[in-house]
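Below you will find one chain, with nothing else, as structure tokens; this is the form predicted alone, and questions on how it binds or moves follow later.
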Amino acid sequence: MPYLEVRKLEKKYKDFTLSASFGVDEGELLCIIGPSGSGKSTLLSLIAGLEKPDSGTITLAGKDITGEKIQERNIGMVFQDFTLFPSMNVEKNIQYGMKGKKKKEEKKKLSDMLLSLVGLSGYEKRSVSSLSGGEAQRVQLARAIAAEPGMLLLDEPLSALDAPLRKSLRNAIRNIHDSLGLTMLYVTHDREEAFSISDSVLIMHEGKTVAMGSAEELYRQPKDLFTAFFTGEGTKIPRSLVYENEEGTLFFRPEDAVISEESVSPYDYSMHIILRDAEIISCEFNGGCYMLGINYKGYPILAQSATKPRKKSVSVMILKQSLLEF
């Protein structure tokens, strides 16, 4: 049985309905991604008890918490806004979250350990107003962990920070997860962020949980076109463009398409489909390769190339086994 099980959970609003079912194993870091308005934060609010569902159940560690009060759920939360107490220093903020620790030495030992864990050793007496955004978010994370929750919910905790700091802190969050083995649900709009730190990824669309799996599974074997495009760049073409009179849609990733500026023999590419006389309409260098925008019989295609093409007219070869059919 999953450590967290959300079963047929539903919450209806005037113009939006959330419907979710999924499970999370103990110690797992699940990232929840989806377009704006897909219901990610609403889902966390329902799990945390900030909102009440219209139907369905939420079970944590074998206990039905659907109707439990917020303080009885043993769930911690970290938001994107830095909700620290300005009248308390860093140490006091962290110790505020501690439960059942009455001895001063015990609190001191735990807060010191947490500051070390989030990379802020020596910050105990700092005023929270003197902290940078990244430091404040680390303190908020330490305070949430200090409560020793059974599960930690993080709602876009890094969205207000700049890109280099986000990368640093997401690595810190992954390290904290690995050190403590804490079950985490992490909402983000950043696909790269989700793919880099997650054990598994849950994709939401229009209020529904539409796909779940490892980042690699969702990228390589998406179950539908929405998941295919939401997890990365890609191309869709009608199947009839390759196989005459056949219906359906073919999808492939840019890295699965190879271009040639010279004539191509089908004998040399027997494992590929070949699209001849395609026209390069854009070429962007992304630091590791060139991303090519290609037109083939009116259909846009994305392909990667290690070198910058010299010609406008090329052949595109796509490995047959990399094609996904929808």
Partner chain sequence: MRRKGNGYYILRALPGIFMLLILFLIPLSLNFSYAFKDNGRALIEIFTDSYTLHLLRFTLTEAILSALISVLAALPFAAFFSAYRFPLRRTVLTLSGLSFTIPTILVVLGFVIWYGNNGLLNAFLMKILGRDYSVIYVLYSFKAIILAHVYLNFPIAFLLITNAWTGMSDSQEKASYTLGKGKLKTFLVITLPRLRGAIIAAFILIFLYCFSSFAIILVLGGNPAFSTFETEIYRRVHVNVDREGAAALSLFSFFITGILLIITSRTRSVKKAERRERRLKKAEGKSLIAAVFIILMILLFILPPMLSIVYRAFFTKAGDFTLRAWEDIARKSTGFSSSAILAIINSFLIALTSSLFAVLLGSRIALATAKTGSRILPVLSSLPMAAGSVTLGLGFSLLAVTVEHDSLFFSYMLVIASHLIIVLPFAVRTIIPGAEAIPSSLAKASYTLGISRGKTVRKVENPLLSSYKRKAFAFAFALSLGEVNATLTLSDGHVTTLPILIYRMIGSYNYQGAAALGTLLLLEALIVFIIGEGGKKHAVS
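This one's a predicted model, so the numbers in the text were calculated from it and none came from an experiment. Positions refer to the first chain, counted from 1. Definition used throughout: the rigid core is the maximal C-alpha set that superposes within 1.5 Å between two forms.
Separately, the form predicted together with its partner chain exists; it is not shown, and the next lines address it.
- By the 4.5 Å heavy atom rule, the three marked residues V210, L225 and E233 all fail to count as contacting its partner chain in the predicted complex.
- The partner is absent here; in the predicted complex, the one residue of I197, A215, M98, I237 having a heavy atom within 4.5 Å of its partner chain is M98.
- Put simply, of N245, S132, S179, S87 only one has a heavy atom within 4.5 Å of its partner chain in the predicted complex, and it is S87.
- When contacts are judged by a 4.5 Å heavy atom cut-off, L50 counts as touching its partner chain in the predicted complex.
- Contact check for L110: no non-hydrogen atom falls within 4.5 Å of its partner chain in the predicted complex.
- Heavy atoms of S159 never reach within 4.5 Å of its partner chain in the predicted complex, leaving it off the interface.
- A147 belongs to the set of residues with a heavy atom inside 4.5 Å of its partner chain in the predicted complex.
- Across the options 201-209, 248-256, 73-81, 116-124, residues that bring heavy atoms within 4.5 Å of its partner chain in the predicted complex belong to 73-81.
- Superposed on the core, the two forms barely differ at S198: its CA moves less than 2 Å between the shown form and the other one.
- The rigid-core alignment places the CA of T235 less than 2 Å apart between the shown form and the other one.
- M88: CA moves 2 Å or more between the shown form and the other one after rigid-core fitting.
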